[in-house]
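To begin, one chain is listed below as structure tokens, in the form predicted alone.
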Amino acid sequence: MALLELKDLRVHFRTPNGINRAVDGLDLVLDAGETVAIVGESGSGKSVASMSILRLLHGENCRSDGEILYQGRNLLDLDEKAMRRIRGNEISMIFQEPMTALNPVMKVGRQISEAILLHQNVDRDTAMRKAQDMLDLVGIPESKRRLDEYPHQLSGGMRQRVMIAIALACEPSILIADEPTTALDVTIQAQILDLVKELKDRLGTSVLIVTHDLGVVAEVANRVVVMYAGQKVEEAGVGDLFAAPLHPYTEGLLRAMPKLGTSRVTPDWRLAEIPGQIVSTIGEIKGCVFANRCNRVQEVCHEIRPALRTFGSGRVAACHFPCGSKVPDV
């Protein structure tokens, strides 16, 4: 049995312009000890999908359907009290921007120890010692002094490490990382990714990482789920995806990556771009969600939504004419 499984997950928002289908029929499996990446450009629904796992999306204008199975239990069926026992304890999340996720008027030590006090039967002194141990674990120097500092006194990389310390304080089974390296310079990005990999191996935590950066995917993930306009368009192992993408959108993302060794004097120094803009997810989308930007588009693509098809072990793609196949003459 998978540790976490999303089955036909749909997250819709009611707006003045109609129903926004932010996530529309997502299937995803995360096994114990595995790292799965959800990748896609802004507006693809990847962050909404990750936040829905912890039921962080509220309000009468938001509705989640389908199944979110954690160890066989559907999280959508649990009451709020049961969900509070899971959040931060069994499933934790590193949010995209630590400066806004951390409380600016609360000392770092208290923010880490709060999660420990909430979920573990310990006193405040024990929780604070555990908080210091967590700062040591994530590589923050002078951890005892840092406990009494506020987030604004730390660098961006150190704030991100504090977020990781909070997320891992109760040794969860699953760590969800939403764009964990956004707004960090490349050196700090590498350090944070190395830290996530090291802690995953040490603690045995499964990781679901949300990103638009394929470099991050190549560095940490075992499998990749590519999302576009709220739908999964491709899933594959990292090696297979980078070697031979099947969906034209995935191919476009890979072509848009900077290449080592290119400069203005080389013929292919310009980054390739995907023309057009992501389709609106408000209302029903007829046909393929990528049809308006696809270089392999045919008439059928505008009329019929392609089903996810299997292409070998662990590979699926939703495309009438996947990369590598012959496109019929118009």
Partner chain sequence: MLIFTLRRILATIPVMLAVALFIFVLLYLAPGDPAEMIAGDNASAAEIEQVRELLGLNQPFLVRFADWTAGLLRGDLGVSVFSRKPVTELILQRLEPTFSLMATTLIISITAAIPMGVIAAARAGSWIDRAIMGTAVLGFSVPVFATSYALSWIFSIQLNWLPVQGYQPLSEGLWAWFRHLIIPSIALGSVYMALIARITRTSMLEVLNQDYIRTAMAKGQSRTRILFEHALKNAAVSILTVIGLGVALLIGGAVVTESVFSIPGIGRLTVDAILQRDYPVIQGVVLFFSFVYVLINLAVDLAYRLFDPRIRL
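On a predicted model such as this, the values are computed, not experimentally measured, just so you know. Residue numbers count along the first chain shown, from 1.
From this point on, the text means the form predicted in complex with its partner chain, which you will not see here.
**Student:** If you check N103, Q120, N74, T126 against its partner chain in the predicted bound form, which one has a heavy atom within 4.5 Å?
**Tutor:** For this set of options, the contacting one is N103.
**Student:** Heavy atom within 4.5 Å of its partner chain in the predicted bound form: which of D194, D136, E97, E171 fits that? Just give me the one.
**Tutor:** Exactly one listed residue reaches within 4.5 Å, namely E97.
**Student:** Can we say E114, Y150 and I166 each have a non-hydrogen atom within 4.5 Å of its partner chain in the predicted bound form?
**Tutor:** Contact check passed for all of E114, Y150 and I166.
**Student:** I need the one stretch from 24-32, 288-296, 50-58, 37-45 whose residues put non-hydrogen atoms within 4.5 angstroms of its partner chain in the predicted bound form.
**Tutor:** Result of the contact check: 50-58.
**Student:** Within 4.5 Å, heavy atoms only: does G252 come near its partner chain in the predicted bound form?
**Tutor:** No, no contact at 4.5 Å.
**Student:** Do K130 and its partner chain come within 4.5 Å of each other in the predicted bound form, heavy atoms counted?
**Tutor:** The answer is no: K130 has no heavy atom within 4.5 Å of its partner chain.
**Student:** Indicate whether its partner chain has at least one heavy atom within 4.5 Å of a heavy atom of R110 in the predicted bound form.
**Tutor:** Yes.
**Student:** If we define contact as a non-hydrogen atom of the residue within 4.5 angstroms of the partner, is R146 a contact of its partner chain in the predicted bound form?
**Tutor:** No.
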